[in-house]
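First, one chain by itself: the form predicted on its own, in structure tokens.
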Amino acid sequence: MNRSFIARNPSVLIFLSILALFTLLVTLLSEGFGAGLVSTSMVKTLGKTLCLCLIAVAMDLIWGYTGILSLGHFAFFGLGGYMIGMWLMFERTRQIVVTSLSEGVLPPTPEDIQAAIGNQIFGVVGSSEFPLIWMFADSLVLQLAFVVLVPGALAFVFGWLAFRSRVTGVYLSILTQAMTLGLSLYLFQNASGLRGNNGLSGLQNLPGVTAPQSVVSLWFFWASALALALGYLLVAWVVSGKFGSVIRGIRDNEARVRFLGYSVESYKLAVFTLTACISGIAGALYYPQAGIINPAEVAPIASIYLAVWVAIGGRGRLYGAVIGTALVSLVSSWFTGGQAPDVNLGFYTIKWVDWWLVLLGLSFVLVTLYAPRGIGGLFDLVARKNPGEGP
């Protein structure tokens, strides 16, 4: 008798229930809802954390289940942010320009409006012309499509070239990191058309929306929670069936899977492209809550942090990736936000803003040496499950 997907994977229902309860609790306690016990800045922090959890789920699929250590998935995350950021910045600037020019004696022409928008956006890099990549920046529908299509296309082309050449292991990791570095260096140039190191700013202001930030932050928080729930459900469904068995086989013994007649490269390419699309969606929700995106966000170090989060949580367990990312992200905000008190040793004062990365690196080393299954391994011990056998 075939059992349902949820019956075979009770951890999925547990996760979704906890996420729904958490979302409801934060909503009821938020400033936007009226209670005021959770500040707007904290709601934004939690919303951004949910987005990071979503890209961690994607990272766990590509690394924990398929065995590909990608050090470039934050490139896709950043591209998703840039795609939606272009529309947000264009439309907000257009509204400001139209309002300003309407106060003149003569009504502005479309050319006047376009030139004023270009000057407002690109004046910081000494230009007023719209680059070709901004051709569809005035269309929300197309920019939302690009959130998925652009990271997906980059992942497909890169993956096709890498996997058909059968690049594996550390060499593939280096290639993904090189891709991320190359994209970051390109975006730093003013000629990239994305304002160079200035990036895109003011993304927290939704065009045409007069609601206060306390309410807008709740909207993004809900959207982030929904995206995480759907992404988790999708990835859990992918790894629970035959497809999941094949990619686990690729992770454990790629040569044997190829000998059995499976197209290993096609499976790798499918997973790589899917996780890039998920990462793009996560980035598109993250940066409007952050308010700004610049090339530094796409730097290779961010993808390395992502691997550390998943390793601490426990790769090969989707909930482990979420727990590890949420824990490290929130603790990082506490330490680097100046909330953690300094420790005075008499001869030296430990300032956690400076020492947080050392603590994170030490945690990664300790987990790798003494708890390779990560935090998720603790749940495996309780449930008496073997790692990597389900979501």
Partner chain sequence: MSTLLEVSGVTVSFDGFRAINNLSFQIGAAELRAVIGPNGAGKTTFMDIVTGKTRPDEGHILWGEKSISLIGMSEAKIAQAGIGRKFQKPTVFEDQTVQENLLMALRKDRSPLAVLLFRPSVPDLDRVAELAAEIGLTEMLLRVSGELSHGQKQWLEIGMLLAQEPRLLLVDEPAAGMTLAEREKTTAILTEAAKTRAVVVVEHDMEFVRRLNCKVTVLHEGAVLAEGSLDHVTKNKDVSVVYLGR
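All of these numbers come straight from a predicted model, not from anything done at the bench. Positions refer to the first chain, counted from 1.
Just so it is clear, the following notes concern the form predicted together with its partner chain, a form of the same protein that is not shown.
Segments offered: 83-91, 241-249, 275-283, 203-211. Contacting its partner chain in the predicted bound form at heavy atom distances within 4.5 Å is 241-249.
Residue in contact with its partner chain in the predicted bound form (any heavy atom within 4.5 Å), chosen from 190, 266, 95, 139: 266. For the options 100, 197, 127, 253, the one in contact with its partner chain in the predicted bound form, meaning a heavy atom within 4.5 Å, is 253.
Its partner chain is not shown here, but in the predicted bound form it comes within 4.5 Å of a heavy atom of residue 260. Within 4.5 Å of any heavy atom of its partner chain in the predicted bound form lies no heavy atom of residue 222.
Contact annotation: residue 237 falls within 4.5 Å of its partner chain in the predicted bound form, judged by heavy atom distances.
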